[in-house]
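Given next, in structure tokens, is a single chain: the form predicted alone.
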């Protein structure tokens, strides 16, 4: 199989991730409950995992990091537990994933919160001038929430400027790093981030079912779930202080420790080395697609401003049919459809096509995986012509 669906879930994982997941599941107890040696060891390793996330993202206080069951959970926590009042407003980009846009639309409907969308063009995926005008003229804006990079077209947003302007006008900034953590530097201080949502199973090479939310000192959330935390068991009410206030129930320690191993692998391998490898293959992929006249590539093709993600369509073929044919007949795994981001497809003009075919590269992708896709597309086209 040629695996080109890393923007959804990276595969394969570093061997240490598999080993850690298995060994910790067999040997560790809950890190916040119990007096056994295994429980105490788990508590120490949980702290080391927080430290790993903090090191990756330049977070000064690891205790502001709460583990969640994924990036979607983290974003919902940040948005739905935010202390909204009727008439408040939030800003997002035009290429957001459902994990961010759906909770925003929900609070708009249920709590009377307004939302503003910053316009997109291929050349300028996030219009900073129009964004600043919103900040200047809409004093009711309380939060700016954007992705770091589009999961559909890979365009990287100017997050440092977005965060700087948000703080300049007294707003908080929430960053969705689903497509950037492990691909690009994510720095909460440099990017002026107040809340940061991370996935475990994408380019941090951890398992599914784990993510994290960083909540800075200036951001105050309500509780999102109620239950036992192991840290305040003698009280009837929960207090929304990270990490305990958001780590409700028995947390998945094996997944957390496996994620920490994934982060360790990324840091030891070197983010710049991984980025160089992925960018080289991205350029190979774009060049190959551009050789096929029947292929339409969406978004810009400047590899210096993209994560290793490309969306395209094949003339007279639906994305779904292309995706299924590529896997069934050629063993190429990728993604076809709307990628849980119809806003992005509306912005790039592919909504009427049923979305796009998306190929995404990871650290373990090889040149022959890219070559296999280009050859397969040419074969699909030649067979289509022969059938006419």
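Quick caveat, the model's predicted, so the values are computed rather than measured. Positions refer to the first chain, counted from 1.
Same protein, other form: the form predicted in complex with a small molecule, not shown, and the subject of what follows.
- With the partner omitted here, the stretch from 234-242, 127-135, 69-77, 82-90 that lies within 4.5 Å of the small molecule by heavy atoms in the predicted complex is 69-77.
- Contact check for residue 178: a non-hydrogen atom falls within 4.5 Å of the small molecule in the predicted complex.
- Mapping the unseen interface onto this chain, residue 4 falls outside it, with no heavy atom inside 4.5 Å of the small molecule in the predicted complex.
- The small molecule in the predicted complex is approached by residue 199, whose closest heavy atom lies within 4.5 angstroms of it.
- Of the heavy atoms in residue 97, some are within 4.5 Å of the small molecule in the predicted complex.
- The partner is absent here, but in the predicted complex a heavy atom of 147, alone among 147, 307, 311, 203, sits within 4.5 Å of the small molecule.
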